[in-house]
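One protein chain, two forms: both are listed below as structure tokens, the first as structure 1 and the second as structure 2.
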Structure 1
Amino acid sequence: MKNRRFLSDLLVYIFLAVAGFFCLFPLLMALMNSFKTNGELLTNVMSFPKSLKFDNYIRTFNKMHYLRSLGNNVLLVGSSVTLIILFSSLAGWKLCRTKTGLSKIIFSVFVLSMIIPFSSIMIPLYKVVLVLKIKNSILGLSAVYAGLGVSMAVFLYHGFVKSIPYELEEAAAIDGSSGLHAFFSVVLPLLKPITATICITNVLWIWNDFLLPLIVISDSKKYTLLLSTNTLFGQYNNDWTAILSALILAAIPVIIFYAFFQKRILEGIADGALRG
């Protein structure tokens, strides 16, 4: 029995190791080739670099205005996630506590909006951006991201609020807390696990998104990291080593962020499943 258990665990670990390697293979290839010269890269993509060319990263750092683009990314992600958490937590809580037909209809609209593909609303969304005069605005783009991300967040918050006893809010009301004060002082702290999950998943989505910033932002001084990377592509000349090093530089901050907070994702998912 022990031998069978050991063999079963061994096969599972081998499978996971192979699957993990295939997932990491593109990143490893990009990292390896980012240290090559263009000649080495075009000669053999699979070979190891003869020597580590750190000047690729120095050249890319300057060409893509890395610090400015990084600041734009941080501002965009921070403001977008803040708006998503603030409005979706309030909406999910209110829709859950309000037992009316209208609240059910509104919640259903939020749920149905999740199945609408972005490609079908891309052109109307661009026209809305022009009408609201928020083109080339980081904060305006944050509002657009909030509108796109709030439906899933409301759905998650709505399900999580159901597990919180309403008696806690009644006790806060007896102590003199108003509805909003009770929410921020009693309910919101209890939503911490699902809030962490929503925060991290939206950070990963917004940080790695390319299409929406490409539509809204045309001012090079407000480019995100991926838009700055895109400027390295040309019609007649592509500096592939610079492009690969730019992708690595763009990925490093979010990889570090995910490495620090991945446990929060798992805790939030597990806690939400148990409470649901």
Structure 2
Amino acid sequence: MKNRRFLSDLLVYIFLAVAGFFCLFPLLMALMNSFKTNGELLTNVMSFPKSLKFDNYIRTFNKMHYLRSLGNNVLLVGSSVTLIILFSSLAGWKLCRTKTGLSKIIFSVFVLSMIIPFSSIMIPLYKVVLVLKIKNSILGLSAVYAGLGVSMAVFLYHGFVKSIPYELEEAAAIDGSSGLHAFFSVVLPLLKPITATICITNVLWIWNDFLLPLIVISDSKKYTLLLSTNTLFGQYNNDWTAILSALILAAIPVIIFYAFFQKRILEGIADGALRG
């Protein structure tokens, strides 16, 4: 019995180790080869670099305008997520607390459209962007993200508000605070758990989204990290040492973010998925 237990434990660990190695493999290969010279890389992709030279990194750091691209990304994600949280918490809360035919209609309009795939609206959306003259505008793009993101967020807020007691808002009304003031001082703090979930899922989505910026942003000064990386890939056709260092640079912010908030992130992901 004891032997069998040991054997099954061993098998599980072998399986987990193989899977773990598979997860890290592309990252490790990219990291290892990003420090090499082109000659070293061509002779052996599996060897450790002879010395830790940051030449490739310096080259690509400048070439992809790293800090500028990073700044654009931060601005884009920050403003989009702020809009989504603000707009959808207001709407989701009020739609839940108002029980009329109109509120039901508005809510179902938000929910029904969730099945529309992005590629179906991509081209007319591009037209809207042209007409509103927000092509190449980071803030304009964040308004687009708000438009695409609010329906899910309204749905999540709506569901969460149902679970918090109405008495607290009544108490606030008796104390004389009502309307927007009551919302920000009483309701919004109560929504914190779901706000965290919505924040995390949207930050990850927008940070890693590629197709929408690819269509909307063509000015290289406004490039996000992914757009700069993508352009670099085209320019450095087969210069893998440069490309790999650029990929590592582009991945670093997310990995740092993950290292700091991994517990929160994993909780938020599970929470968001099970409510969705």
Partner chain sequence: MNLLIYATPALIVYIIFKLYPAFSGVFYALTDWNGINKTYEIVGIANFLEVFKDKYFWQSVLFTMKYVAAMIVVCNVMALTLAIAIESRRKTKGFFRTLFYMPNMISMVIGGYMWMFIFTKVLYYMADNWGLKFLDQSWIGNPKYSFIAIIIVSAWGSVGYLMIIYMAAIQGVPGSLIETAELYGANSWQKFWNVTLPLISHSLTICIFWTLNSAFQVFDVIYTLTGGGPGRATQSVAINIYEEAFKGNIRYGYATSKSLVLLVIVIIITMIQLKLMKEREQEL
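The term rigid core refers to the most C-alpha atoms you can superpose between the two forms while keeping them within 1.5 Å. These numbers were taken from a predicted model, which means no experiment stands behind them. Structure 1 provides the reference sequence; residues are numbered from 1 along it.
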| item | value |
| --- | --- |
| Index of the chain form predicted together with the partner chain, chosen from the pair | 2 |
| Displaced residue check between structure 1 and structure 2: W207, CA, 2 Å or over, core reference | no |
| Displacement in Å of the C-alpha of L24 between structure 1 and structure 2, rigid core kept as reference | 4.0 |
